[in-house]
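Given next, in structure tokens, is a single chain: the form predicted alone.
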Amino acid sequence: MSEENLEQRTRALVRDKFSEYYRTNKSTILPPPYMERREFGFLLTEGVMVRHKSFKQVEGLVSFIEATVPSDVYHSAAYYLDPEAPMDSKCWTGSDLIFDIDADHIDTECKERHDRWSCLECKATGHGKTPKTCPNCGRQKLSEDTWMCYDCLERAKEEVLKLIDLLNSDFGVNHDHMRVNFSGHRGYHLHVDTEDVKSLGSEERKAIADYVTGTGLDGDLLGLYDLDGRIKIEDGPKITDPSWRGRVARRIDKILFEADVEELRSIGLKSKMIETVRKRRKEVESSKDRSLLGLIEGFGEQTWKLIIQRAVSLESVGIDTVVTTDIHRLIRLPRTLNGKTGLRAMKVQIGELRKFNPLEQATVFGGYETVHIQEAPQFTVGGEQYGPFKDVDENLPTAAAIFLLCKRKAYPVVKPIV
């Protein structure tokens, strides 16, 4: 059977299952606040994007979804006077502040197990993060095959929790004005909808993104150097300081007192300095008023710079800055399905976030489907582990089968007529 026919069969089965979900779960779909001022966008299963739609009532939105059965449903972060007009005529009146945290932007060891890349020129392949250029031929025409697992989703969640803490402590954003949504794929979206952020332009949002990611943050900005550019040992940041000074100080505290030898070595510390750290840990008593940079004498400026750089790196939040600065961004609508996985995008209460497991709680399909799997690494859906697979027919729970079909790693097996 031709690839075109296989694609049609795959698309038809996915569309049928998505249609069943929307038919039976339409009452659960909740629109964003002020939906009548939002633009809605829909990616159809044929790959066509439908934009510039608006709805006065949720019933109209749900009816449109039922009729078109899109693979993905989005709404604008922005508010418009005329959401259905062309972009230059919509009359932008404000936008929520959006943060996108995705495992794609986080270095995780698990990518070596389940992600692959290939060069479209020389056919070289590799595991893990896709390089900018092919290490074999130097070309930039690379394709990537990314998956998700419990480990990388947990890392994305850790970044969300860091972001929540930073927004609350440094910007004074109450939890009531933050909405956290699982995207249905490899990460989370955090929405801030306070009135004072809605009017912010792209430049102001870029400044917030830079703050969150620690961009450009160094010893000068932290007030760690004197006029001659030397480390100010006695006036370094304290763990009780506010903002980034206190954040960096607390992280330095953890590095100095909790990091193992391997981690200290990865920072760039030499063996002699590592031994000094380990020895003096036992000699220094904890004190809230201590000056961390004066804790251990004998550190050279280069050593402190390495520690400070690592502290900033660990405290910064890995967000997609393009999403945060884009005041016209379309973002996924919760309670709709993600066309890349078949998992449900869903709101997660901040108090429930730590124990939230999307690979169990975001699955929606019951029953079984027989599919031919071309190739897939080991993966988890619905709390169960499957694979690895290669060139094999398998009768899988529908949630796992749809996951593979959405990633175009499998196609439906036609059951013989009895």
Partner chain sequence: MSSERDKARYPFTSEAAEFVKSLNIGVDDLTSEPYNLILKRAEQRIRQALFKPDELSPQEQDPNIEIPSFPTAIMLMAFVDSENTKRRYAVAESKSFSKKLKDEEPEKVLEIAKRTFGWRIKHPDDKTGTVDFLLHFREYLTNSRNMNELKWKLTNRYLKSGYIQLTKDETARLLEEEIQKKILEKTKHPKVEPPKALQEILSEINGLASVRSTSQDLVQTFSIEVADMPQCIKRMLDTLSSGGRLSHIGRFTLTSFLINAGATEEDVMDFFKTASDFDEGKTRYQVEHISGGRGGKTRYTPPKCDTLRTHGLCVGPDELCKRVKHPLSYYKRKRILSKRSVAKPAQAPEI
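Positions refer to the first chain, counted from 1. What you are looking at is a predicted structure, and each value in this text was computed from that prediction instead of being measured.
Beyond what is shown, the protein has a form predicted in complex with the partner chain; the following relates to that form.
> Given a 4.5 Å cut-off on heavy atoms, tell me which of 301 to 309, 241 to 249, 262 to 270, 138 to 146 is the interface stretch with the partner chain in the predicted bound form.
Of the options given, it is 241 to 249.
> State yes or no: in the predicted bound form, is some non-hydrogen atom of G214 no more than 4.5 angstroms from a non-hydrogen atom of the partner chain?
Within the cut-off, so yes.
> With the partner left out of view, is S202 within 4.5 angstroms of the partner chain in the predicted bound form by any non-hydrogen atom?
Residue-level check for S202: yes, a contact with the partner chain.
> May I ask you to state whether D326 is within 4.5 Å of the partner chain in the predicted bound form, using heavy atom distances?
D326: yes, in contact with the partner chain in the predicted bound form.
> Even though the partner isn't displayed, in the predicted bound form is D196 close enough to the partner chain, meaning a heavy atom within 4.5 Å?
It does: once the partner chain is placed as it appears in the predicted bound form, D196 has a heavy atom within 4.5 Å of it.
> Please pick, from Y150, F171, W92, W117, the one residue with any non-hydrogen atom lying within 4.5 angstroms of the partner chain in the predicted bound form.
Answer to the contact question: F171.
> Which residue, D210, D320, D104, E315, has a heavy atom that falls within 4.5 Å of the partner chain in the predicted bound form?
Only one option qualifies, and that one is D210.
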